[in-house]
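Given as structure tokens, the chain that follows is alone and in the form predicted alone.
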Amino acid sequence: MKILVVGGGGREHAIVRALACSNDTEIFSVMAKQNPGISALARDTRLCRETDISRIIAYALESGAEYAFIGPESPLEAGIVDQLEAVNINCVGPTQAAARIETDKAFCRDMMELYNIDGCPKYRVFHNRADAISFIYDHGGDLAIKPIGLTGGKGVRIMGEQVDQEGAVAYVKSLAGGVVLEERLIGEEFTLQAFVDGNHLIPMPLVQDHKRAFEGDTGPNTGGMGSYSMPDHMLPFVSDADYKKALAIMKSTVAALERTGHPYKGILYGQFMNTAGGPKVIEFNARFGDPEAMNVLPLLSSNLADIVIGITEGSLSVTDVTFEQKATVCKYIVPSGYPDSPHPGDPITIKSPEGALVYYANVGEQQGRLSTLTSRTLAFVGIGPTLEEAERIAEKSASAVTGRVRYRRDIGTRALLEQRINHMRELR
């Protein structure tokens, strides 16, 4: 089986590592910058922009790839799946139209409203900047301000928390396109990811990501500073009823996309806010989360290559997907100044991970020496029978990295988890 993986970040390294567990799988890779972890596992790599569809297709045909696994969102928005499937290469990833569940926030909300999908917050879509600004002045309360298009997980501003009313207006004025204004959701976030073959949806363990740059959930939003999952694949502040509701929302979303004439195949990522009234949808992503992929894929005890076939053939079964009953903690190392003014080119040294998995993300390598670039550098994932053991493993490896880098030491700690539990208890 020859499979092409598009993308060169930590998420794609996790995908490649999981695929490499299958002895009869040959992996080819396309990425914008060399990823040392992917290069070590792939039979061959090609460097090019991940939205340069014509070059990617030419390489896929040249390598004889039968399947493609699309990691990031930007090539999905550019229609890479449509064009790969036109040359008979089956894809794990939705078509351009189905990917609008992520790439067009207005489409997502309008679809949820049209098909009466649960968990949709109150919202308004504005394509006229002046109308959006008038609404902000008239509303007077807390709002989530979301650019309609892709923002790399960093585009949302919360009025009443991150910016005041004038700051919200200034942000809307700075946007090139339309904006969705939503009610601000209060609660605890969690992520539910699933394999989808167009009809069947198979869930993965729940994960909680940490977007804020600094410890104590302070500072600006980032692409994700780290994440954790529990041995029972649940989260202690998510009840069985909450989970069932979130899963039903995911299934309803897949059914709605099928009804629009755009069946969804690939990875569906649901980011939820668990509120006093149950889960509400913050957003959907049309691919694995980064870092959440690094929590779930190392636990996968099934063959990912077989799951790829099931997704593309529409024959995925719950018996095809099993996960180990263990906890995971992921801690991302980031360059000095990240996210606002990351400093590239600083040398870093990694000591032996001592039980942790290391995933390379945005990292430079010359003659075996690693250096920072301008985004998240690399991640350490600890796996253990308990959260405490998984956190200990991740922390030991992360703390041993030397260089002008930092990470959040509090991710995966029992103290931070207790804060989440107590917050949810207070809300309810």
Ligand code: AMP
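Everything numeric here is computed off the predicted structure, so don't read it as measured data. Residue numbers here begin at 1 and follow the sequence given.
FYI, the form predicted together with adenosine monophosphate (AMP) isn't displayed, but the following is about it.
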Quiz item: Applying a 4.5 Å heavy atom distance criterion, does residue 146 contact adenosine monophosphate (AMP) in the predicted bound form?
Solution: yes
Self-check item: residue 90: touches adenosine monophosphate (AMP) in the predicted bound form, heavy atom cutoff 4.5 angstroms
Solution: no
Quiz item: Might residue 273 be said to contact adenosine monophosphate (AMP) in the predicted bound form, defining contact as any heavy atom within 4.5 Å?
Solution: yes
Practice problem: Find out whether any non-hydrogen atom of residue 350 is located within 4.5 angstroms of adenosine monophosphate (AMP) in the predicted bound form, and reply yes or no. | Solution: no
Quiz item: Taking adenosine monophosphate (AMP) in the predicted bound form as the reference, which of 189, 77, 320, 217 has a non-hydrogen atom within 4.5 Å?
Solution: 189
Self-check item: Candidate from 250, 282, 172, 316 lying within 4.5 Å of adenosine monophosphate (AMP) in the predicted bound form - any heavy atom
Solution: 282
Quiz item: Which one, 176-184, 254-262, 234-242, 80-88, holds residues whose non-hydrogen atoms are within 4.5 Å of adenosine monophosphate (AMP) in the predicted bound form?
Solution: 176-184
Quiz item: Along 194-213, which positions have a non-hydrogen atom within 4.5 Å of adenosine monophosphate (AMP) in the predicted bound form?
Solution: 211
